[in-house]
Structures are given as C-alpha cells and as structure tokens.
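Only one chain comes next, encoded as structure tokens, the form predicted on its own.
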C-alpha cells in the first residue's frame, strides 16, 4: 500500500488552521492539564490519580478533538470533497488523525509531568499509550462520522468520556453490582491494570491481557469506522 505523505500533510495543515480558529474546541486541550495540576497540588500519588488525568486526556483530547474535526468536515460539506479526491481511505483517515495524535501526545506528556507519574517500565507504558491513542482517535473518527454537526459531536462524545474516564473507578463496586464487571474489559481499565502490574515484579504473561484487549478494541473500532466511512461515502455520492 503506497501512502502519499504530501496528501496527508496537506490534510494536517488544513486541520491545524481550522483547529486554531475554533477556540471552543482548542481550549478543551487545557482541561486535562488543569486537572493534572490540581492533583499535583494535592500531593496525592496513586495510580488512580495519575490515570484520571491520563484517561481524561485520551477522552477529551484524542476522542473529542478528532470527533469535532471530522464533524466539522461534514458540516461544511468538505468531507465529501475529500472522499471524492484521489486520496485513498487510509490517506484520509491517517491524515485526519495526525493533528489529533500530535496534540494528544503533547498533552499526555504534560499531564504525566505535572502529576509526576513515573511508570514501572517506561518503554512498555509508552507502547501502551501509543496503542491507547490510536484507539481513542479511532473512536473519535467513528463518532465524527456519525455526528451531523460540531455541536452534536460535543454531545455524542460525552458517553465515551464518562465510560472510559470515570468508568474504571466504578470497578470498586463490582462485587456489589456484578453488571459492572464489564468495566474491567474497557481499554482504560486495562491500562490501569497494566500500570499496576508494572509497579510490581511483573511477568510477560501479565502483559498479554492488557495489550491483547486494547488491540482487540482497536481492531473492532477500526472495522466499524471503515464500514461507516464507506456508507457515508455512498450516501454523499
């Protein structure tokens, strides 16, 4: 598969210009940093506190910004032009994700530095963070394709925010409410479990489930995104 970097860079530059002009969306990236600064001032040093800021970064930055960028293309009716251009589906989807990915990594790094999180194994957590970024950006792309306007995208992304950012903390009530056991399979929960494993004498087997489930989520969401993208392309034509 040959990907045109020139086409993807053109999409990146276009997204950056639109993103910088939309203060309502661009200001959202500051929220995880404010939360991280707040927790750092409190002096609480636990995995749960660190990952509240980390998972919030993924939800509010990776998913929300990506969802708004895609929805804005639809609202302005420019997504159709992209679909009918010589750019391939991978070029469009990767190009539309590049800005969000860069911003996510920058805000994630800032949040980690502010909270003072020091992972048990930096390399493994970097890989996990990269995979998580791909998952949340893909979720954002999927929701953006479903949303009709930027305003609607702000609403449709909220369940994702509560489920993946706050959801893992509900795992403490699993014994009382067995239905909440599904939370243990969320990628955000698996990320926390992975971080906790790395704090101890972990084995290779301890990494299989977190990485396996996060990868599975990525594959499922990617398939759904391509299906919805192709459907939208036919609808537009």
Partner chain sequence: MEKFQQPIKIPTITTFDGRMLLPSFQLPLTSGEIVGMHLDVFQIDCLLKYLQHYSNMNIFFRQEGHYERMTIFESLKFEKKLYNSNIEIDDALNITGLLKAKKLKIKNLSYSQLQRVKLAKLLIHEKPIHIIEEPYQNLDIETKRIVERTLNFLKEKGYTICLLSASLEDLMISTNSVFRIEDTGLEKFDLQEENSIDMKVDKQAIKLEKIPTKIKDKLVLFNPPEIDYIESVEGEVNVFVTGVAYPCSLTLSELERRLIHFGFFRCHRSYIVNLQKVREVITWSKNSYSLVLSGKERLNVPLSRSKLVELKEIIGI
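In this text, all values refer to a predicted model and were calculated from it rather than measured experimentally. Residue numbers count along the first chain shown, from 1.
Absent from the display: the form predicted in complex with its partner chain. The rest refers to it.
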Using a 4.5 Å heavy atom cut-off, which of 84-92, 136-144, 107-115, 120-128 contacts its partner chain in the predicted complex?
84-92
Verify the contact flag for residue 10: yes if a non-hydrogen atom of it lies within 4.5 Å of a non-hydrogen atom of its partner chain in the predicted complex, no if not.
yes
State yes or no: in the predicted complex, is some non-hydrogen atom of residue 22 no more than 4.5 angstroms from a non-hydrogen atom of its partner chain?
yes
With heavy atoms only and a cut-off of 4.5 Å, decide whether residue 149 touches its partner chain in the predicted complex.
no
Heavy atom within 4.5 Å of its partner chain in the predicted complex: which residues of 142-164 qualify?
none
